[in-house]
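In the block that follows, a single chain appears as structure tokens, in the form predicted alone.
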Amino acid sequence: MRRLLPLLLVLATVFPLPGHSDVVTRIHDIDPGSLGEGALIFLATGQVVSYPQATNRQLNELRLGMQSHRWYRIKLSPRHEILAAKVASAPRFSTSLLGLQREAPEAYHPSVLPALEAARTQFAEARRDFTADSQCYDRAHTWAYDWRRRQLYTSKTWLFFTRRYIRKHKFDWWFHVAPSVHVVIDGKVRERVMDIKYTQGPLPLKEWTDVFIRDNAHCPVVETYREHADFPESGSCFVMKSSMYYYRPLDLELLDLTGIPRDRWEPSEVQHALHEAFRKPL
């Protein structure tokens, strides 16, 4: 089975790089490309970068590093090309962030808001002081946790783009995620995606995916991570839904492998997400 989920995060312009930049991350997957195509490296941050000058030896070293879960310091050009990749130490975070206690498991049931106006109110009141270089999974986890502290139990909606789509449109990301809520509309419970950064209010699924895809493609909803990871050249995109506890795509993959669902918040993830996206403690 191919471990990779091919998706991109958002429009290629959402991650502008004014000059060379460094990122410390693990490698999620590698697509060597067909004849004449350069290698694409899928970073755990969600970014997709190219490695046009990579030799077979360098790609093999990165594959071994990926399998060994090594961290890398990767220097990127403004065109999102790898200029250098060196093994690095895992990043350390301030111990001042370690204030939350691990909670008991919860019987998860998403809240149902009584009307769309209630969803719009929650959307409008969400924190917006995220940093320009914040990652979607950090923002989504912080917003979901904030709402849970207000007794609003949300879900998450994941958007994965195929390798085919990434290459065709030169996308720089392979997934995107945002919280979603259940709300009563015209007497029926509907889902609305709450993407604070990229939309003006709660959106139906298709309207939300249309924000990020360029060919108006329909994104099939899959039940498991494997359903899209095994088909990197099929269509343009896939959607997967989860509870609010899932932080990164790796968590969805682990659910496939273990069959054990998440049923609580992990304090280190909550604090890390808040620190990375908003640069502040709880």
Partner chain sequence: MPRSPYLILLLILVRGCETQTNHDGPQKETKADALERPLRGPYQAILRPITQRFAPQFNGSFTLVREADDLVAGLRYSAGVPDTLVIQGLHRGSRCPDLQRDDSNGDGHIDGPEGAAVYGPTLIPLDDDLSAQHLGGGIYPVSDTYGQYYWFRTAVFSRLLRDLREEDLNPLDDLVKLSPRETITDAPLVVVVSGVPAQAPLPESVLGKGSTSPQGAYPVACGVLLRSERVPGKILPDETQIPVPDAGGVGGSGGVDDGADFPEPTTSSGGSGNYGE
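Numbering follows the first chain given and starts at 1. Take the two forms, superpose them, and find the largest set of C-alpha atoms that agree within 1.5 Å; that set is the rigid core. The model shown is predicted, which means the values in this text are computed figures rather than measured ones.
The form predicted in complex with the partner chain is left out here; the points below concern that form.
K.L.:
Report whether the minimum heavy atom distance between Val222 and the partner chain in the model of the complex is within 4.5 Å.
P.N.:
Val222 belongs to the contact set for the partner chain.
K.L.:
Does Asp22 make contact with the partner chain in the model of the complex, using a 4.5 Å heavy atom cut-off?
P.N.:
Answer no; every heavy atom of Asp22 is more than 4.5 Å from the partner chain in the model of the complex.
K.L.:
Is Val112 close to the partner chain in the model of the complex, meaning a heavy atom pair under 4.5 Å apart or at it?
P.N.:
Yes, Val112 sits close enough to the partner chain in the model of the complex that at least one of its heavy atoms falls within 4.5 Å.
K.L.:
My question is simply whether Ala229 lines the interface with the partner chain in the model of the complex - judged by any non-hydrogen atom within 4.5 Å.
P.N.:
Output for Ala229 is yes: heavy atoms within 4.5 Å of the partner chain.
K.L.:
Taking Tyr153, Gly187 and Thr199 together, does each of them reach the partner chain in the model of the complex with some heavy atom inside 4.5 Å?
P.N.:
The answer is yes: all three residues contact the partner (heavy atom, 4.5 Å cut-off).
K.L.:
I need to confirm a contact call. Of Arg127, Lys170, Lys86, Arg79, which residue comes within 4.5 Å of the partner chain in the model of the complex, counting heavy atoms only?
P.N.:
Spelling it out, the residue with a heavy atom inside the cut-off is Arg127.
K.L.:
Pick out the residues of 258-278 whose heavy atoms come within 4.5 Å of the partner chain in the model of the complex.
P.N.:
If the 4.5 Å heavy-atom criterion is applied to the partner chain in the model of the complex, 258-278 yields Asp263, Trp265, Glu266, Pro267, Val270, Gln271, Leu274.
K.L.:
Comparing between this form and the one not shown on the rigid core: C-alpha of Pro220 shifted by 2 Å or more?
P.N.:
After core superposition, the C-alpha of Pro220 moves less than 2 Å between this form and the one not shown.
K.L.:
With both forms fitted on the core, check whether the Cα of Leu250 differs by 2 Å or more between this form and the one not shown.
P.N.:
No: Leu250 shifts by under 2 Å between this form and the one not shown.
K.L.:
Align both forms on the core first, then report whether Leu62 has a C-alpha shift of 2 Å or more between this form and the one not shown.
P.N.:
Leu62 C-alpha, core-superposed: shift of 2 Å or more.
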